[in-house]
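Read the single chain below, which is given as structure tokens and is the form predicted on its own.
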């Protein structure tokens, strides 16, 4: 028998769990793990698929005692509770004069949920949010406490792990002195100008995002450039783009008030790197999301493959965002082993129509395309596994840390785990 434990953020998934547990100590969590045949960790509910779902117990760490951030003595890392949202971590870091190297487009997501799914921001020289992890602590499927730090044998397999290895309780993140960022939006670029100069466009700032609605397959739409104030102001005239004459929302016609300040006005890192402010509903609210992450060398081919599908995509789409990230060595990271470009779709809330279209998109994209773990995809499991060279190593790690598959669910079973 199941009880109503609510839905995910998008409202397209109702959780099937028998109950929601909120342990107040690590001992209570370990006892819960040892006693529950099936359980999954629940973060900020921003997954658009059943990654966090279970027919057992959903576990929230919101009530965990003593869950406060703490800065290391050398001030190079901060230890945070796994369930804390980035937006709620910011005031603590601000008071300490510290910062993260990057943030995702919205600050509403939890730290553990973001890193376990390979979520990212943007930047040629900046990795996914998982690359900020210096160490993580978890309670494995056997109920044992384990800390893994960068350089440990299993670390690269445990950071982006889909919640399959155990309950992540704390994460240590790399930090640096606080800095300021400018954000400017450009309009008027076209793909025929941008694609041959893509490297120059994404080098125009520390974090660069291209937004298109695919209403016109030749038009990019908007280019958002975020730069530390130590850099020169960006100029995209070489691709025919000019600065916007006022604030913009990524989705044309939507009120830009929820967005972080633009027009080159300097501000704190946390108030520019995300696209949206914590106090507002992120993005458009009523939406679904998919994302495919291709090798950077395939970026132009991926965009060219989508242009003929523009007429199919546009009626279902709010907006599509194209971003970059540096290569890393984390086994299940979307950027594992290669510089990567993410092509993100924010869909209108029509899941049957989206799922009908996705196989066409997936067939058109280059074979390097990896689906975002927390978003909607229809890519077959064998194709997904083939795109992660360290998949078998991860499967072996999972068998060691959760031999009874207590943290298993239907999502992982579909992947063959």
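Remember, predicted model here, so these are calculated numbers, not experimental data. Positions refer to the first chain, counted from 1.
The same protein has a further form, the form predicted in complex with a small molecule, not shown here; the description that follows concerns it.
With the small molecule omitted here, the record of contacts in the predicted complex names 165 to 173 of 165 to 173, 216 to 224, 200 to 208, 306 to 314, defined by a heavy atom within 4.5 Å. For the three residues 101, 123 and 272, a heavy atom within 4.5 Å of the small molecule turns up in the predicted complex in no case.
Note on contacts: among 318, 248, 323, 182, the single residue with a heavy atom within 4.5 Å of the small molecule in the predicted complex is 323. Checking 141, 113, 157, 234 for any heavy atom within 4.5 Å of the small molecule in the predicted complex turns up a single hit: 113. Within 4.5 Å of any heavy atom of the small molecule in the predicted complex lies no heavy atom of residue 377. The small molecule in the predicted complex comes within 4.5 Å of a heavy atom belonging to residue 47.
Heavy atoms of residue 130 never reach within 4.5 Å of the small molecule in the predicted complex, leaving it off the interface. The closest heavy atom approach of residue 287 to the small molecule in the predicted complex falls within 4.5 Å.
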